[in-house]
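Given next, in structure tokens, is a single chain: the form predicted alone.
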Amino acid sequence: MIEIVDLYKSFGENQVLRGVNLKINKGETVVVLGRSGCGKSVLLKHIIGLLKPDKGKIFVDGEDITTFKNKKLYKLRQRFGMLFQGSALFDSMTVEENVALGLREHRLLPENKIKEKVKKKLKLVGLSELEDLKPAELSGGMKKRVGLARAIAMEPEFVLYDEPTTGLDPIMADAINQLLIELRNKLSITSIAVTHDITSAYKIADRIALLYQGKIVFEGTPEITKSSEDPVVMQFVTGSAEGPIQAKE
């Protein structure tokens, strides 16, 4: 289980997180919904220890990871996979080298086993026989799939998705959403996705949390979210420019 308690983070005078509280249960997919620039990616970076909070705690299976030093953080990150916004593939590497990056970095397996595992993970995301291609030879949807294969290559307990459907057309976005559901069911992983894509949130979430003005202001199932009468939730669901969420935020 992951538990975020009273989390604050500022960059200079810009206060991004203002007391975030959120629990993610084992095996659950939680989608953190919010406008672009509201701090969703900042929240993910705290969960894997890439950022330290100004105040607050983050518990992973009961341990406060904000107190971890380098060695413990290194071990913690082996339990996480992450799909970065834009996939974040290395252009100079092949598909195989990108997917195998974590396995080779942590020296978890002999080379022949690494190659075997890469093939299996690529097959799982529907990309067999593409190991020797470079990212420049792939479509946007294929890059997302390679990023997914890399995220699950080390068989993590937790997978974090940063805007998994950004930059994709609606059909490919739906295909990625379906793939996330299949991976969750096959691998029994705990997932946290951050997005401003309400359609994606409805499809993949067990529970939706709305991040607004630096706090989680709403939590509920997709069905509860759709029927909520909270004005902030209603504005986000309808996509209206009229309401409490101002364009300048």
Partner chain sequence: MKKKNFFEIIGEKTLRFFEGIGEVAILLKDIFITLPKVFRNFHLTTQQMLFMGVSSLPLVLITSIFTGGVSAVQAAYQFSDYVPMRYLGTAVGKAVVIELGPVLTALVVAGRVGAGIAAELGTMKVTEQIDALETLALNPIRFLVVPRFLSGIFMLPVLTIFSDFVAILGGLGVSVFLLGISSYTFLNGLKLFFHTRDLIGGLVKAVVFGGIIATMGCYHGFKTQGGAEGVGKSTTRAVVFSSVLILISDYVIASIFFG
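No experiment lies behind these values; they were computed from the predicted model shown. Rigid core (definition): largest C-alpha set, two forms, superposition within 1.5 Å. Numbering follows the first chain given and starts at 1.
Keep in mind the form predicted in complex with its partner chain is missing from the figure; the text below concerns it.
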*asked:* Under a 4.5 Å heavy atom criterion, is R77 part of the interface with its partner chain in the predicted bound form?
replied: yes
*Classify H106 as contacting or not contacting its partner chain in the predicted bound form by the rule of any non-hydrogen atom within 4.5 angstroms, answering yes or no.*
yes
*Hey, in the predicted bound form, is L101 touching its partner chain, heavy atoms inside 4.5 Å?*
yes
*Give a yes or no for K26: in the predicted bound form, does one of its heavy atoms lie within 4.5 Å of a heavy atom belonging to its partner chain?*
no
*Among 87-95, 125-133, 166-174, 110-118, which stretch has residues whose heavy atoms lie within 4.5 Å of its partner chain in the predicted bound form?*
87-95
*Which pick from L187, I224, I181, L50 sits with a heavy atom within 4.5 Å of its partner chain in the predicted bound form?*
L50
*Mind listing which residues of 134-161 have a heavy atom within 4.5 Å of its partner chain in the predicted bound form?*
R150, M154
*After a core superposition, would you say F90 shifts its C-alpha by at least 2 Å between the shown form and the other one?*
yes
*After fitting the core, K143 CA displacement of 2 Å or more between the shown form and the other one*: yes
_Core-superposed C-alpha of K75 shifting 2 Å or more between the shown form and the other one_ = no
